[in-house]
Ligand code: FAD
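The form predicted alone is given below as one chain in structure tokens.
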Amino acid sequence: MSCQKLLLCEVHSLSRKFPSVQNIRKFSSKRSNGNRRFKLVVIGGGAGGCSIAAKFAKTLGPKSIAVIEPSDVHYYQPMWTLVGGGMKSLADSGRPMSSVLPSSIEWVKDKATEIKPSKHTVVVGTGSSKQEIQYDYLVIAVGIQLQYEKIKGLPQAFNSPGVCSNYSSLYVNKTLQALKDFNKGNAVFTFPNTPVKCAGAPQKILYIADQFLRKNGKRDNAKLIYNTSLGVLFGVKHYADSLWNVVKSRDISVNLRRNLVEVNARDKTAIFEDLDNAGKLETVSYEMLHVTPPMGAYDLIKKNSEDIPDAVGFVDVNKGTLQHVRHPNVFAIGDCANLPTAKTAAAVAGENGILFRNLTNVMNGKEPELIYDGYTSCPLVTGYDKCILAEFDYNGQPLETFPIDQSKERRSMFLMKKDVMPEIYWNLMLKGNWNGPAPFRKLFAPFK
């Protein structure tokens, strides 16, 4: 049996074995008057917030947990690479928020606007609808903010042909349309000069576009350009070497240390700054432009939280225990934390078991005991049937699961990305039953 089939069988087995915390939900849309208090408050209903809420829903009493999240829909965002390439639909990537939250928790369907750790309080709403929610323990899981507006001409340019982005549900469907409409000229793909979530995604769509244009007889009339603010193609050399082979074999132009600063939709040009030459700008014409937006910490953390952020604006936590460095009853998970690892859903999976154990210890008057090693993963899709499965730790050292060289393009790893990982996400991770592939790494270790 292949590693992929074995893992998929285990996923289905585990999803049947563990009790589901997602039975029929009947969330109230009413808001009670006055303040409310919960043993655990989770801010954010994304991958980190849902998975942590699901874990604690099994150990804490009913209505002991509140999840603060204003959105009606929960998206599995790693699927948007495939949506942009026409392999999945946007609808495939989303489910009602009410269907992914544990039925025993209270869903506060509102936006958190302020955190007051000195008072163990989160403020939700504004004006006359403002109210305070008190907590004994707090998990911050708000993710990272997309900042298209930091690029001159955006987001307005998304209303014009050829400009697209896989990073937003508002624009991801424009990517496939841009590929279909492409005739000849430059197809330009960008990587911003900020922290980003899923740092491999900007080049995944580059490789998918290359194959799409080849399949449709348009590649000879296209110049594919990847302009990245980074000084490397990928941050881990073990995988970067393979990716350089991919771009060279496909005649893709890569320009390092280039940052998109302006889009002029009227004349279809993009302006980049040369980060190694202050003040130097380069103008590139485009027929298609895929934008990875600048990203940063939400104002909730950066501006509206007492003593929560670090100097940059992310939640200031111990990188091993995930506990806040100044407030022992506060933890953070995922993209909002200042962890020096790639911000991915796989990292969240690696973090949530650590956080659950350590926060449980704190609740019981003990010290955190587990240490997160920075595990993260990036399935680098290189087309419609191949993928390089990058897995690594805080030190940029490969931390691979399977007994094969994962730096090579493989169809099996593509099928993992396309078919297995969504199953893991919906059926295990969001139900609190997935802490990453470490057990499988141990299982396959004798075969390496």
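For every residue, the number given is its place in the sequence shown, counted from 1. Given the structure is predicted, the values throughout are model-derived calculations rather than measurements.
Quick note: we don't show the form predicted together with the ligand, though the next part is all about it.
Contact with the ligand in the predicted complex, judged as any non-hydrogen atom within 4.5 angstroms, is confined among 232 to 240, 311 to 319, 326 to 334, 126 to 134 to 326 to 334.
Between the ligand and the residues 112, 206, 354, 164, the one pair within 4.5 Å by heavy atoms in the predicted complex involves 112.
Site annotation in the predicted complex: the residue of 289, 260, 101, 142 reaching within 4.5 Å of the ligand with a heavy atom is 142. A residue is said to contact a partner when one of its heavy atoms sits within 4.5 Å of a partner heavy atom; residue 40 fails this definition for the ligand in the predicted complex, lying far away.
Though the partner is left out of this view, residue 78 does reach within 4.5 Å of the ligand in the predicted complex, counting heavy atoms only. Although the partner is absent from this view, residue 157 stays clear of the ligand in the predicted complex, with no non-hydrogen atom inside 4.5 angstroms. Residue contact with the ligand in the predicted complex: residue 348 places a heavy atom within 4.5 Å of it. Applying a 4.5 Å heavy atom cutoff to the ligand in the predicted complex picks out 298, 300 from 286 to 321, in order along the sequence.
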